[in-house]
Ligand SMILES: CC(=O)N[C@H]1[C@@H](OP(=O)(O)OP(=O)(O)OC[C@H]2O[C@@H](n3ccc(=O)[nH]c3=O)[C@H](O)[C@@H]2O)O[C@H](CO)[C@@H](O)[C@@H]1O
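Quick setup: one chain, the form predicted alone, written in structure tokens, and binding and motion questions come after.
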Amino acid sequence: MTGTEDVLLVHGGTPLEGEIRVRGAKNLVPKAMVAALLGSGPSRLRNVPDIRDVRVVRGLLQLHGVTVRPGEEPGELILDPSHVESANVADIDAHAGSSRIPILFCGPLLHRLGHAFIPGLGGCDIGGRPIDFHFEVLRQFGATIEKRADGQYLEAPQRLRGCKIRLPYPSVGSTEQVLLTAVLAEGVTELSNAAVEPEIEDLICVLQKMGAIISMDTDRTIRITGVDSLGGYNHRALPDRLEAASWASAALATEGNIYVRGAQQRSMMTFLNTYRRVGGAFEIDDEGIRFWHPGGPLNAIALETDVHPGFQTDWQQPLVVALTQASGLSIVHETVYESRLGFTSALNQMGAHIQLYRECLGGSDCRFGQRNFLHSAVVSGPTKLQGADLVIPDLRGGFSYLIAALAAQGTSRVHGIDLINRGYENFMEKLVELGAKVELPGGALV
């Protein structure tokens, strides 16, 4: 979308009611697609959402000679890496800035081709996610890296070798980098302080299906024994727990009732506990979870984000919108991304009362506490929200603005909605299905 098509008019004040479906997780599916590069035969990936990150990775795979075609069932991709080849640097560079996932191509391409080129990277501006550590990890495996004006050029003069790596923080991206590189490296790789999110476990399941040898210990240590070759996989991606929680928060903030088909209890237990503490109601069955506002006042809470199994940072922003409608003072301590609370300034313009602090207001100090970042918030409620002009800052913040606009009185103009397509499949169609009053400028229906 460009120009006025990247703006959505939202007429708020109507509860969202109905049913939507979530497909495979944004934080797993593109990485599983990259993993297909490692195989000697085709892979079959099911439950794939139609989101921009998937389209970016599909384009990059095709540039490198991977055949990607739809399968027999909706949301199915067949990925055949039989003819992997070097891609034109200019073609790769055309994808620069559109995603951070290209960094994960390094290990597989070094194994398949002996070299790789990684363009400049994009992604949401929610705090530091330095790529230097990715390159340092690859150096430990034996890769050489040359920084060029248009990106990074990597070579593997000989077969990559397993090594011992300790992450300074259990980063999801760094853990994925190690997994995708170590599976074909010579010897054993030991990764300590690893991320253990459900999407990481699902990626390990994908790699194990391909022939990898990977064990997870209870102390966040992952051991990978390198093998000489891998085959393809047949895998159904786990559902997107982050999207499911976003719709749950939308139901709460708009006093609605949404059945999220595909949502699973196991990966959302921490969120569900918090949702219940706030005063939200839910009902779980074999096909999904129904979320609704049971009536009466919502409860203010103290909330601290953390890596899994803690409260996920991607759950925080949508839930904060609902907390503006809770009675009393809610405290939110963001410990994962130092700049993730910046989105609250727009909520204040809509009538919310949210004050940001540099101090750690959670139960413990975090790595941002002495670094002058506004990473804690006090939300005073309930407050009536009013429609406003909103410019989407990032993926989760963007969906949070949509929730706020839907909960507000009056009409909001939400700019930059195409960014939401990075992680929410057919979100505008879903809004219409739930009874939201939304339209494109000029009166065009969504």
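These figures come from a predicted structure and were not determined experimentally. All residue numbers refer to positions in the sequence shown, first residue = 1.
The protein also exists as the form predicted in complex with the named molecule; that form is not presented, and the subsequent description refers to it.
Spot the stretch among 206 to 214, 255 to 263, 181 to 189, 332 to 340 with residues whose non-hydrogen atoms come within 4.5 Å of the named molecule in the predicted bound form.
-> Comparing against the named molecule in the predicted bound form, the contact stretch is 332 to 340.
If you check in the predicted bound form, is residue 163 within 4.5 Å of the named molecule, heavy atoms only?
-> No, residue 163 sits far enough from the named molecule in the predicted bound form that none of its heavy atoms falls within 4.5 Å.
Give a yes or no for residue 375: in the predicted bound form, does one of its heavy atoms lie within 4.5 Å of a heavy atom belonging to the named molecule?
-> Contact check for residue 375: no, nothing within 4.5 Å of the named molecule in the predicted bound form.
Although the named molecule is absent from this view, report whether residue 357 comes within 4.5 Å of it in the predicted bound form, heavy atoms only.
-> No.
Find out whether any non-hydrogen atom of residue 202 is located within 4.5 angstroms of the named molecule in the predicted bound form, and reply yes or no.
-> Judged by the heavy-atom cut-off of 4.5 Å, residue 202 is well away from the named molecule in the predicted bound form.
Tell me, out of 152, 171, 325, 305, which residue has a non-hydrogen atom within 4.5 angstroms of the named molecule in the predicted bound form.
-> The residue from 152, 171, 325, 305 that makes the contact is 171.
Looking at 145, 131, 78, 227, which is the one with a non-hydrogen atom within 4.5 Å of the named molecule in the predicted bound form?
-> Only one listed residue qualifies here, and that residue is 131.
Out of 295 to 316, which residues reach within 4.5 Å of the named molecule in the predicted bound form, heavy atoms considered?
-> The stretch 295 to 316, when checked against the named molecule in the predicted bound form, contributes 312, 313, 314 at the 4.5 Å heavy-atom cut-off.
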